[in-house]
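This document opens with one chain alone, in structure tokens, the form predicted on its own.
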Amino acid sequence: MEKLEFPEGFLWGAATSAHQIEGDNHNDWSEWEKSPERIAQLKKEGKDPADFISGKACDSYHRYREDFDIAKELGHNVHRFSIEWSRIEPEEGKFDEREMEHYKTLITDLRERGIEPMVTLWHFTNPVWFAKKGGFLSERSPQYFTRYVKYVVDNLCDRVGLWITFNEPSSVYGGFSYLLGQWPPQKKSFFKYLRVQNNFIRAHTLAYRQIKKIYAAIPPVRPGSSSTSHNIRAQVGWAENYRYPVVPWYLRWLGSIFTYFRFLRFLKKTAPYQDFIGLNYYTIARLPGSYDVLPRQAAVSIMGWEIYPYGIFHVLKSVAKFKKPVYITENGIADASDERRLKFIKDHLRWIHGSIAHGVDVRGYIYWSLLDNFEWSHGFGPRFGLAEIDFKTFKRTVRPSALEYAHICRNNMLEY
């Protein structure tokens, strides 16, 4: 058995997102879940609409301490989660101080457990007022988003150093909402997709500058000072879903176009305004004729995704040219039986370690997800969690694979 050691200070943990675990959110997605059109569509497909309405989700808004205890028990030293914009700014320009205090307490509880917070400022959902103004189609959307970011960071700058502005804005949200028209607001148009992508680029740039400005204005704590403030430097990036492209030689031009618009365009445009790259990796992207290049993989998840761990090595090598540190901000498998999760984690970590050996500056691995959760348009069916959730009682049960992953986290080493 080979022992693969990871760099000193490597971060290990898991991720969640607000709408998927908190429960009782009111935003554009929660309204869409219960819309007559959505319910009619699900019934037409022979599905129970109740399985696709987030409702209480994991009730983590009230049970987050229990969740953090699980993370600590599993040896995690970083936890990625998102702040729900619709809670912070339920009405345009009106911020809810009580909700802000909730997130302050949440982060304090994380730090008391020795876990570094990695905060995502936007994970697919929008306040209803913002959606009515056109969401990220609006030319004013970058300013609206930056105003929200300023309020949050002003309140949390003494507690948080790792910030992610957007989660999968181009590849997933843009693709499903504006290219395929399957997610809210279901506006299928390539030109609208480009407009939204451009607004995300502008919004990230403005938010990055705003965050840096806030931290630059904080006076450093002098040695021996009685101040309890943290000397924290802001590191700002964004997380995108990268798929290893499998393309026949005669369609390489099409593969290049696909890769460019799916994530490279965003990455190139924002390169001066990111301190790290957040990489979410689950599967490959096939183009027609690609089975001659790579046979269909025997391991396929219940999501229909081909499991190809070598792909993460390829993707990491491809983003290394941007000379930015990289965090694996999501990587996981929906596996209710927990028969394949440990192998999935180990196989991907093996290739992540290989990329580090080839000079890629990978700083951490964050599994998706800490908990079973509400998996967007797939409802409550997929089970990604290190901890199983009984959605009737909200009981948390740590899965055996999570205990094995904990061994890796505590030892900063993979035995493969």
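This one's a predicted model, so the numbers in the text were calculated from it and none came from an experiment. Note that residue numbering follows the sequence shown and begins at 1.
Below, we turn to the form predicted in complex with a small molecule, even though it does not appear here.
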Is there any non-hydrogen atom of Asn167 lying within 4.5 Å of the small molecule in the model of the complex?
yes
Contact test in the model of the complex: Phe200 vs the small molecule, heavy atoms, 4.5 Å
no
Should Phe384 be classed as touching the small molecule in the model of the complex when contacts are defined as heavy atoms within 4.5 Å?
yes
The small molecule contact at Trp163 in the model of the complex, heavy atom, 4.5 Å:
no
Just one of Ser290, Ser141, Gln274, Asn280 has a heavy atom within 4.5 Å of the small molecule in the model of the complex. Which one?
Asn280
Contact residue in the model of the complex, from Arg341, His204, His123, His79 (heavy atom within 4.5 Å of the small molecule)
His123
So if I measure heavy atom distances to the small molecule in the model of the complex, which of the stretches 260 to 268, 280 to 288, 128 to 136, 83 to 91 falls within 4.5 Å?
280 to 288
So in the model of the complex, are Glu22, Ser54 and Asp390 all sitting within 4.5 Å of the small molecule, heavy atoms only?
no
